[in-house]
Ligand SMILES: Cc1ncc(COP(=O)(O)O)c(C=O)c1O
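For reference, the chain that follows is the form predicted on its own, supplied as structure tokens.
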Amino acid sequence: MKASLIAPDLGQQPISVTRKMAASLPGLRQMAMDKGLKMHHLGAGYPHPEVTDPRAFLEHKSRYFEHLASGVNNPQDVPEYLRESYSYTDTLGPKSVRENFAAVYGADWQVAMNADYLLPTLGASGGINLMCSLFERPGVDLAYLTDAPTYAGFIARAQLASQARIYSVEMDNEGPIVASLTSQIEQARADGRLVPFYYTVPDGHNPAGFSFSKTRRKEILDVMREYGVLIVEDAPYVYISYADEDARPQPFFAMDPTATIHLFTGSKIGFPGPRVGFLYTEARVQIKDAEIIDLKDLLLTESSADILFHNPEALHGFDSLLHDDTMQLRDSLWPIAETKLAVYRENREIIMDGLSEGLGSYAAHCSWTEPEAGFFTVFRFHDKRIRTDDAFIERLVAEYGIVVIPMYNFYPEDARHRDPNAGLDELRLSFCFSESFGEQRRLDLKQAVAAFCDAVKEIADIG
């Protein structure tokens, strides 16, 4: 008798809205081109190719590696960085990289970071997976707190565990509503679920397109301390900030590293391909027999069961970004960020100005968020008869050549149960990506926002 493998009944996992768009875009693009329409990109949330050209970085990295090798007296000896880069390494990665990152990143946020509490991850997504995996392992019923709307990647990961359920929190223009946050914690516990953490993107929220206010951050932190719930702070856009230096809010980990799991990614400040990230926390948790240990020790064990050996060459390459042209350790990463911000700040201004010029007179019909960080603004129709569903998105592409992302799939299932129309009056507009450079990039983005405004006026029958 031939053996067979039977997969468990995992159910049909929902497909990410961005993946659905990517799958349908070629056909829609062809429809638009057949009509002679130019394609306008306001959908992709990718770093712009104008700021991810690796050639200067590769040259700098090569000189940094030469600098590391210069301390070897015997030419026959293999430099330590080279030996590390092509050997098995600790799950924590090269200690020198962690120490350098802790020094520079900590200085930027006025935190005395302990390098021993830094854990390499495969970008911030690796940190999300690690946190979920750690708490799912015991098999107890879990409640993951998050915003409504929230990052689609978190929804996809959280839904993989049959014992986990998302409890989402409504937001206003300052962040999650505190009364809703406390209510969801209490409801989850009344349902017999462990509430390990609240996941959020407080700076340049993806997809909500705004940053939490300083006041709301303090209120959130007070609630988390009171209820003994950790904050998982996803921070891809802390350096993609448009606020004045003295107006930048502190990340949660700078307010209290003992209550926060901070997820840093090098994808926006550096390059997305190498997948370099770090998780940082000084939290302590209680385990069996009332024993209290460092959360980072549990996370290290969990990480070593998943990715025993991180890529040391990629980590050393990221370390080169932490050093200036004289190979001295930088005082700050903000100068590196500024090379990215020059493009993103300009793009943001084009989008904000374009929306104001094209639709500023129609405040009764539509509105949009003012991003203080990140890549996105959320556009909202006030006419409830307009539904930004898949058919609407396809119409924008096919009839106007405009690519945007609908918001409804960024709302967790429980939020859509509370309000079946959640997100169906909203669109996420991205200003980070285009296929052109320099002056052509500026022109393309101006044309894109102008075309979007014209489409809105026609669809909403205004103007």
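Sequential numbering from 1, following the sequence displayed. These numbers were taken from a predicted model, which means no experiment stands behind them.
There is another form of the same protein, the form predicted in complex with the ligand; it is not shown, and what comes next is about it.
In the predicted bound form, the ligand sits beyond 4.5 Å of every heavy atom of residue 129. Although the partner is absent here, residue 123 sits close enough that one of its heavy atoms falls within 4.5 Å of the ligand in the predicted bound form. Taking the partner from elsewhere, residue 316 is found to have every heavy atom lying beyond 4.5 Å of the ligand in the predicted bound form.
Not displayed here, the ligand is approached by residue 234 to within 4.5 Å at the level of heavy atoms in the predicted bound form. Remark: none of the three candidate residues (368, 380 and 447) comes within 4.5 Å of the ligand in the predicted bound form, counting heavy atoms only. Partner contacts here mean any heavy atom within 4.5 Å of the ligand in the predicted bound form, and among 160 to 168, 356 to 364, 236 to 244, 109 to 117 they occur only in 236 to 244.
Proximity to the ligand in the predicted bound form, defined as a heavy atom within 4.5 Å, holds among 348, 296, 310, 268 only for 268. Out of the listed residues 210, 105, 252, 199, 199 is the one that sits within 4.5 Å of the ligand in the predicted bound form by at least one heavy atom. In this stretch, 129 to 159, the one residue having a heavy atom within 4.5 Å of the ligand in the predicted bound form is 151; the partner itself is omitted from this view.
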